Every structure is written in structure tokens, then in C-alpha cells.
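Presented below, as C-alpha cells, is a lone chain in the form predicted on its own.
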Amino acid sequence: MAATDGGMNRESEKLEFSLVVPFPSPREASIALGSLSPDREPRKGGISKELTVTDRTLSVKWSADEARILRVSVNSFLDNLSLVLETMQMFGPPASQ
């Protein structure tokens, strides 16, 4: 799992944070995307989150107006990601389709 430095985007004055999570297979990355995508941010404004999958890598990018909102969103996402990873590990690799 890799995280890029969070920083201030000078053009829009928003804080940004990116996270890259490698998976053993593209199928597992897609399962994680499907499990984590439905969660919308509880607040209607001030933050956005974009999830994408490329090959076997899940990428997440946040953009927020305030550090506190960004921190809460990232922490919540990491908790959910941990649960997804534990579930995948417990039930083994996904069956092929």
C-alpha cells in the first residue's frame, strides 16, 4: 500500500491525498472497488473521493476543503479497506467467473 504526500493544490486551494493499494489479482482489486465504492461521504460538500482500478491496483484520490474532513474520510476509508482485506483473506481467493 502506498500513499502519496497530501498537499495543497494551489489552483483550487484544496487539500489532496492519494492512496495506491496493490492486490494479488485484478479480480480482487475489482471486488474491493465494488465493496468500497458505494460509501458516499456523509457530508454533502467540502470533500470528494475518486476510486479507480487499473489491472490489480486500486487507486483512491481525495480532495477536501479542510484537513479535519480529509482526515476523517481517509480514516474511515482505511477502516473499511481493512475489513474488506480481512474478509477476502478469510474466505480465500475469489472464484473465477
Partner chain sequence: MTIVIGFEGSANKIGIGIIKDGEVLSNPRRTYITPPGQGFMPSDTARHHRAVILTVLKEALEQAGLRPADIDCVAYTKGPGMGAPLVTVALVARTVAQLWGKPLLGVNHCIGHIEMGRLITQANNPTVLYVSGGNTQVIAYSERRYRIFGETIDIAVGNCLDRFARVIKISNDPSPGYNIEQMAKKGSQYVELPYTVKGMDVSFSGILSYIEEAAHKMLSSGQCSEEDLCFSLQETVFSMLVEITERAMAHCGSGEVLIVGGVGCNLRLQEMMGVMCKERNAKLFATDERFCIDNGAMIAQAGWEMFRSGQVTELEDSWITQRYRTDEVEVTWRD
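Quick caveat: nothing in here was measured; it's all calculated off a predicted structure. Positions refer to the first chain, counted from 1.
The same protein also has a form predicted together with its partner chain, omitted here; what follows describes it.
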Report yes if all three of Ser18, Pro22 and Thr52 come within 4.5 Å of its partner chain in the predicted bound form by some heavy atom, otherwise no. no
May I ask you to check whether Ser35 falls inside a 4.5 Å heavy atom distance of its partner chain in the predicted bound form? yes
Is Ser30 one of the residues lying within 4.5 Å of its partner chain in the predicted bound form, judged by heavy atom distances? yes
Determine whether any heavy atom of Glu13 comes within 4.5 Å of a heavy atom of its partner chain in the predicted bound form, and answer yes or no. no
So, Val74 and its partner chain: in the predicted bound form, are they within 4.5 Å at any heavy atom pair? no
From first to last in sequence, which residues of 59-88 have any non-hydrogen atom within 4.5 angstroms of its partner chain in the predicted bound form? Asp79, Asn80, Leu83, Val84, Glu86, Thr87, Met88
